[in-house]
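So this one's two forms of a single chain, laid out as structure tokens and tagged structure 1 and structure 2.
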Structure 1
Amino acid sequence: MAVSSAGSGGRRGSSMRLSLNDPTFRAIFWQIAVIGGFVLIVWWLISNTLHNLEVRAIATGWNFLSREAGFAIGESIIPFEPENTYSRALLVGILNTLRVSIIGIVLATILGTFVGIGRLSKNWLVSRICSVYVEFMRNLPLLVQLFFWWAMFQDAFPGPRQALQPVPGVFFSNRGIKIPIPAEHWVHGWMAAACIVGIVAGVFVRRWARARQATTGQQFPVFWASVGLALGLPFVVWLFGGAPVAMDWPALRGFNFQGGLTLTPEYAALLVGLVTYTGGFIAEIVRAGILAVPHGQTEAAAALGLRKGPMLQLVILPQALRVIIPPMTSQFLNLTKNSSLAVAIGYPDLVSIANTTLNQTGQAIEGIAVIMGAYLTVSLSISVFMNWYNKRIAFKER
């Protein structure tokens, strides 16, 4: 039996026979068979899981999120008490994960860029130091490095009463690093908003400067203008808000410090470990991206009289970014996912808090689903942003 289709103008189109010997029918048949098999496997797994949960009288569902957590969290961005719900506890875990991931991505990018450029330096000592750093960090397991940094912060510093004080108001002890912060004031929120406005305005200034240079050939100090907007607008808001200068200084009370901002040994060890480890990989990506720029570009820039600094900023790095961005996206994702190793050194990230939750409630499937959903959402958000940025800097064909 054959199925035929008529083309335009009365011409007879290609026919498909209902036989496995026909390539078109065979392709459709196997695709349907594979999809059907996948659906059957998923259905069997779900039904078998629900049956086993029912037999063992294990509760299912998401009602546990509204129950009282009953455990304390040693470090959180938002207030949390044991009387709060499991949903708030998981929110604290997500925020703690984002806290270390976002700051880690920024610091690892800066560190990796400088080390990658340093490996290409003509100074023998600088290039060798950077090479040793890259090889050392990339060839040691991250978990081992986290244990090392955690032990360093725990054992290298004395107790609170003998805390090191390198500068007034800053204390290093085995309880963490204490630094002073501005005292609470309503103007600080408006200063943060003004900083964001300044950064956005800096983007528009950059676009205007490029258009101006294309038409007139005159350069504009975009960097200093952007810095002025990002810092100047919050300064103006601070002045109009009464120019508050009160500080919350840490002070030793009893057996520990009170006041100020605390960087716990667990958070510091996790952040340093992630930054130094990922920075080694980013350094190699930056070095490869710079080497991918044709040598003729640097010769042309030198012929125009550009010095090494402006040459790197205006000619080499903008072209190298097209090679750097795709693999660097993978390193950003790796850093975010590697933050789950925080459970090994006691930092209360999402995995640690979710583990405590599922141990208390017995609802492992829901707990693991929360972890998977959170990491998937964060990773996809990073991928979407980096892919958007990669398209913006890609060469446009005319």
Structure 2
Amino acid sequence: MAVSSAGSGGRRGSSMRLSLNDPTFRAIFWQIAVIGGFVLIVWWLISNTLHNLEVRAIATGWNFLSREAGFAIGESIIPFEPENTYSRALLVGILNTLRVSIIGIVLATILGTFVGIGRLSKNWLVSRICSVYVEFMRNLPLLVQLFFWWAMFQDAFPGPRQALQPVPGVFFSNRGIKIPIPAEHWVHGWMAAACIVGIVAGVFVRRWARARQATTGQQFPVFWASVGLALGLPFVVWLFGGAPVAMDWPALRGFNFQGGLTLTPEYAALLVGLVTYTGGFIAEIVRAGILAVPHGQTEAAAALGLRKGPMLQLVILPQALRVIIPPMTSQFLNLTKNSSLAVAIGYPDLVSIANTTLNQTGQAIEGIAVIMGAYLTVSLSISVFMNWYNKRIAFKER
């Protein structure tokens, strides 16, 4: 470098010299050094592992997946017997994780939205109660809360014979929660189909209404029409099916309940814990999102004569959702990851079953790879989607 300024053709010289003071060379040097060190460490770990596996005579590979699992699983959406394979057991685990996560996400979003709006209420009592709730949820470990709810089922709730009945037909006991459901009837499938048809029809109504408004200016209550279609069509189908009202009520037979829908203590404790905990975080996100829309926006929309409904739909929500959706998805991911605490209270989620699998087979690496692979697939695909979404919705600025 120092030489380069001396001669008339100095520039040429500097790019040829390999000096530690040349930024490009330096960058390459550092990268080679870091990657080299990294590769060395990984190689060392792998060679240790291979040696250890050999010494301890631990099998490797995925053959164990097709072997008989040999353990029973407390609850499952699909039929499972101990004679089934490990791969089916893991599938049961994944389904159980999804079952608690998806329902948890829906309920936590509803709860969090109410609490978040409640914190902004003009009613002092409402806003206080909501903030106390949020403070408690955010400052207590989820695991403590899970243990608390689980212990409530185990220790505080009575046996089935003395089960608590807060609402007629709903029973809380140390065997879990029992809820009445409509008795099985052929029309239910058709109602579900009608609901889907209604939603699709709602989409078409929306398109039609948009097109009509664009040409004639006439408006159409799309929202209520869609709700009407999605709920009304199943109702009509239900009427045509003879309007079956029979319910499957839980009833005490012997020492336990028969009939109705059962939530096991483990599932109920996990769901309640995840929903109340995540709800506290979602509440804060919703509140921040609402506060993030400047008051001037509401004023400008009002000054233009926009009503509450269109104002919310066209001005407030599109801006608030930009702030809300990214942290909200990360809360959804957190809830899914936190559902792995199921292992502590005995709900057979993916982590719990993979843990049993790796204990029985001794194949720790594969077991952990299954857990991490499953979670990473979900996390990474969602974060790729979020990056795309954030780019799409970012405000264009100078």
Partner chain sequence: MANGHAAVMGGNAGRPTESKAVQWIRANLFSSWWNTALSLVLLYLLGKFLFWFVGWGVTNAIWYGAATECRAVKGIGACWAVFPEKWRFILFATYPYEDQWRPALSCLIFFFLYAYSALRRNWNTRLPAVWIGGLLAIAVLMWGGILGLAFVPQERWGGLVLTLILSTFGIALAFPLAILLALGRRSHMPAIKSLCVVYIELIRGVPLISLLFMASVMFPLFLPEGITIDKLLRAQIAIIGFAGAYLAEVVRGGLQALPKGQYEAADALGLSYWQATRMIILPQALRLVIPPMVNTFIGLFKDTSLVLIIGLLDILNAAKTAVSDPAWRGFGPDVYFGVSLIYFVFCFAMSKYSQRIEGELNKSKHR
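Whichever C-alpha set is largest while still superposing within 1.5 Å between the two forms counts as the rigid core. Here the structure is a predicted model, which is why all the values come from computation and not from measurement. For residue numbers, the reference is structure 1: its sequence is counted from 1.
Query raised in the report: Pick one: is 1 or 2 the form predicted alone?
Result: It is structure 1; that copy is the form predicted alone.
Query raised in the report: When the two forms are laid on each other by their rigid core, does I78 show a Cα shift of 2 Å or more between the two structures?
Result: No, its C-alpha moves less than 2 Å.
Query raised in the report: Comparing between the two structures on the rigid core: C-alpha of F257 shifted by 2 Å or more?
Result: After core superposition, the C-alpha of F257 moves 2 Å or more between the two structures.
Requested in this report: With both forms fitted on the core, give yes or no for whether the Cα of V144 moves by 2 angstroms or more between the two structures.
Outcome: Moves: no, less than 2 Å.
Query raised in the report: Core-aligned, what's the Cα displacement of R206 between the two structures in Å?
Result: Reported C-alpha shift between the two structures: 4.2 Å at R206.
Report task. Look at the Cα of F240 between the two structures with the rigid core superposed and state its shift in Å. Result -> Displacement of the alpha carbon, after core fit: 8.3 Å.
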